[in-house]
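Taking the form predicted alone, here's one chain by itself in C-alpha cells.
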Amino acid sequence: MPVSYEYILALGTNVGDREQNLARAREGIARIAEIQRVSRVLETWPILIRAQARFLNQGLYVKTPKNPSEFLMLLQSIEIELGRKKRVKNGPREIDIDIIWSSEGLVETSVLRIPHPFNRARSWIREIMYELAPETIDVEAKLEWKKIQGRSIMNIHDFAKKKEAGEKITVVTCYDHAFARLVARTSIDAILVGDSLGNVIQGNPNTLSVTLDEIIYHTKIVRKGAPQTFLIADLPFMSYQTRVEDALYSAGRILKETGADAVKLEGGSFVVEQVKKMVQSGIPVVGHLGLTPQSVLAFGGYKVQGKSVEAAKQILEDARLLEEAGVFALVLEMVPEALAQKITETIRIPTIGIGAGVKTDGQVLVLTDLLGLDPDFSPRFVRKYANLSQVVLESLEKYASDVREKNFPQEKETFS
C-alpha cells in the first residue's frame, strides 16, 4: 500500500496580480498533490519591513506520496515557475509557498524545518490552521490549534480591536534576549520590559533603584530577540514624576534608543499632564493603577489596593482621567476583582490585569514567575506553568557530577 503524506501549505503574495498569483500556485500544487481543503483568502500586513504592499495569504490542506524533502523541492520549482525572484528577507515576493504542518510531525533537515518556528506568532497562520485543521496538535506547544487563536497586536489600535472583539490580551514581562527569542515564537500579544527587573534581575527589594539607562539597556536586548512583538517599556521611578519635561525626555529616549512601541507609567491624577504631553508628542502610553510598585514605601508594602469604598472610587476616577489623557491601555495590579470589572466595563480602553481577577481585558505575568524559576517566590496571583527551578538544579548537579567523574566532555564533544 503506497505511503501518503498530508501537509498544510501557506501561500503568500504581494507583487503583481495577487489573486492570479494564488490561482496559478493552486494550479501548480494540484499537479503534484491532491488538494483536500482550501482556506479563505486573507489580506495581511507585512512584518518587519513595513514599506511594502499588503499580502494575500491562503492555506491548502493537501495529500501526496512525496515525503517532506521531495515535496519541498517540487514546491520550490513551482515558485520558480511562477516567477519568484530573489529579494531581501521578509521583503516583497511574487509567490511564497511554505509547509506549515506535516502529518510526519516535527521535521528537521539541513534545508527544511516543519513547523516553522514563528508559526504561532503569525495571525494568518493561526487563522489558516484554525480553518483547515483546528483539532491538529502543534508539536511544540502541545496544544490544539483552536486554542492558539486571536488576532495579532501590531500597533496600539489593535489593543482596542481585541477588546471590542472580546479577545483576551496576553502580555509577559521579559528582560533579556534569550527569553525574548522564545516569546517571539509564541502567540503572546506583547512584551513588557518592567522595572521589576530591579527585583528579578538585580535582586533588590523593590523597583526604586532602577535607572532609565538600565531600562533602555534591557529593552534594547529584548527588542533584538523579539523584533516583531509589540514592546512596552516601563518609565522608572523619578524619570517622569518631577516635571512634564522630564517625562518627555525619558520616554523619548526609550523610544529612540530601543525600538520600543510604547512606554508605561504608574499613577493617576498626578501624572495626567505628563500623559497628555507625551501623547500629544506622538508617544504611546500605557497607564498603571492599583498596587503601583514605585509607591511601595508610601503604601507600606505590597498590599491589595482599592478595598475601601473611597479608595475604589479614586482608582475608578483615575482610570477615567488616564483614558481622557490618552493612554491606550491600563494595567490594574492587585485590586479586588469587582473593582477591576467595573473599571473594565466603564472605560473604552482595554485593561490588563495582574492580581485583578479574570474580568479584565487581558493579563500580564512576569515570565520567570510563570515558568517557576524562583522556588521561593509564589505570590497568590501567579500560576506556575512549569517548575524550571527544579530542571535547572538537576541539570547543574548532573553537569557537575559528569565533570568530576570525567564523563564530560566525551569524544563527540571534543575536537581532534
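As the structure is a prediction and not an experimental result, all values here were calculated from the model. Note that residue numbering follows the sequence shown and begins at 1.
Just so you know, the form predicted in complex with a small molecule exists too; it's not on screen, but the next bit is about it.
K.L.:
Name the stretch: of 52 to 60, 65 to 73, 360 to 368, 38 to 46, exactly one has residues whose heavy atoms fall within 4.5 Å of the small molecule in the predicted bound form.
P.N.:
So the stretch in question is 360 to 368.
K.L.:
Verify the contact flag for V285: yes if a non-hydrogen atom of it lies within 4.5 Å of a non-hydrogen atom of the small molecule in the predicted bound form, no if not.
P.N.:
No, no contact at 4.5 Å.
K.L.:
Using a 4.5 angstroms cut-off on non-hydrogen atoms, would E333 count as touching the small molecule in the predicted bound form?
P.N.:
E333: yes, in contact with the small molecule in the predicted bound form.
K.L.:
At 4.5 Å between heavy atoms, is S196 in contact with the small molecule in the predicted bound form?
P.N.:
Answer yes; at least one heavy atom of S196 falls within 4.5 Å of the small molecule in the predicted bound form.
K.L.:
Evaluate D234 for contact with the small molecule in the predicted bound form, applying a 4.5 angstroms cut-off between non-hydrogen atoms, and reply yes or no.
P.N.:
Output for D234 is yes: heavy atoms within 4.5 Å of the small molecule.
K.L.:
Only one of I343, L192, A247, I128 has a non-hydrogen atom within 4.5 angstroms of the small molecule in the predicted bound form; which is it?
P.N.:
In short, L192.
K.L.:
Find the only residue in S102, T186, T173, S152 having a heavy atom within 4.5 Å of the small molecule in the predicted bound form.
P.N.:
Result of the distance check: T173.
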